[in-house]
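The chain that follows stands alone, in the form predicted on its own, written as structure tokens.
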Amino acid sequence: MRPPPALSHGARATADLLTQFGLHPDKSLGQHFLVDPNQVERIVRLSGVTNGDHVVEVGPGLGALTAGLVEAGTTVVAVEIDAGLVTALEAQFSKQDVRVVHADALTADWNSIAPDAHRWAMVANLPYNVATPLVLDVLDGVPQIDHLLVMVQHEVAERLAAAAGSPNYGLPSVKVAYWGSAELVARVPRSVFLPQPRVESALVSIRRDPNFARTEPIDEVYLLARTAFAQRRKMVRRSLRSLVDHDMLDRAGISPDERPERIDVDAWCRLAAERRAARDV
């Protein structure tokens, strides 16, 4: 008998599904299953996805959010690394518009998962241990995913959405701002998960700039930012001395006495342009 999608259940039904399929939450994979239907409805609503949209979900677990996305009328590709959970998902959604992909999202072929014939949204409760690299990899390499609403550890959400000058501003903030904009849209209590994590979660919305026009490659911009943030307590005239000189900083409008956490992405791009121009002379 095919079990019902997990959206119709809470913690007890989720525990029953784990028992039915002989599964246990795997700490090494950061598995914390969403068991609150109200939170599922909120995530779907905040994502803005509607009937006919194409959605990729990473780390679907037992399918609570998957069911909510199906109910909204979307086409879902669910990427799950755990073979046991893949079996449970396929049993629940075999008659729904859901494709379950058994893969590691960090090494997966995204053109196969989310073909660029469509625009895609990523809506997911991401495992804590892969959240930041996955979001940044998707922004760098999967342009057909133009909107992300992802649940991550609260402090990760703050870093992804931080503006220059904020204590949370760092390399992830620079890369997100390079591609678009991010906003922390909701906090999520520990009580809505099974098992409960030790930290709070948050939902962060990331949207690509629809009029993206940056000319400096992200690798060039990121090299400068990464080098500076590796010595974030130092002024950039010292941390970047092997890459740029005082004149380049001046032409980019960056004080040589500035520290990296106060330099916004536009300034990093200007500095990358100055470095490129100096190489081309």
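Note that the structure is a prediction, hence the values are computed from the model and not measured. Residues carry their position along the shown sequence, with the first being 1.
Not pictured, yet referred to below: the form predicted in complex with S-adenosylmethionine.
Note to self: Can you work out whether D104 and S-adenosylmethionine are in contact in the predicted bound form, taking contact to mean some heavy atom pair no more than 4.5 Å apart?
What the structure shows: Yes, contact at 4.5 Å.
Notebook entry, point to check: Might I145 be said to contact S-adenosylmethionine in the predicted bound form, defining contact as any heavy atom within 4.5 Å?
Noted result: Heavy-atom contact with S-adenosylmethionine at 4.5 Å: absent for I145.
Check: Does P127 reach S-adenosylmethionine in the predicted bound form, with heavy atoms at most 4.5 Å apart?
Finding: P127: contacts S-adenosylmethionine in the predicted bound form.
Note to self: Please tell me whether any heavy atom belonging to A252 falls inside 4.5 Å of a heavy atom of S-adenosylmethionine, as the geometry stands in the predicted bound form.
What the structure shows: A252: no contact with S-adenosylmethionine in the predicted bound form.
Note to self: So S-adenosylmethionine isn't shown here. In the predicted bound form, which residue out of V79, A88, A202, A161 has a non-hydrogen atom within 4.5 Å of it?
What the structure shows: Only one option qualifies, and that one is V79.
Next item on the list: Have a look at V49, A228, L34, V221 for me and say which one sits with a heavy atom within 4.5 Å of S-adenosylmethionine in the predicted bound form.
Entry: None of the other options qualify; the answer is L34.
Check: If we take heavy atoms and a 4.5 Å cut-off, which stretch out of 58-66, 243-251, 229-237, 213-221 is in contact with S-adenosylmethionine in the predicted bound form?
Finding: Only one stretch passes the 4.5 Å heavy-atom test: 58-66.
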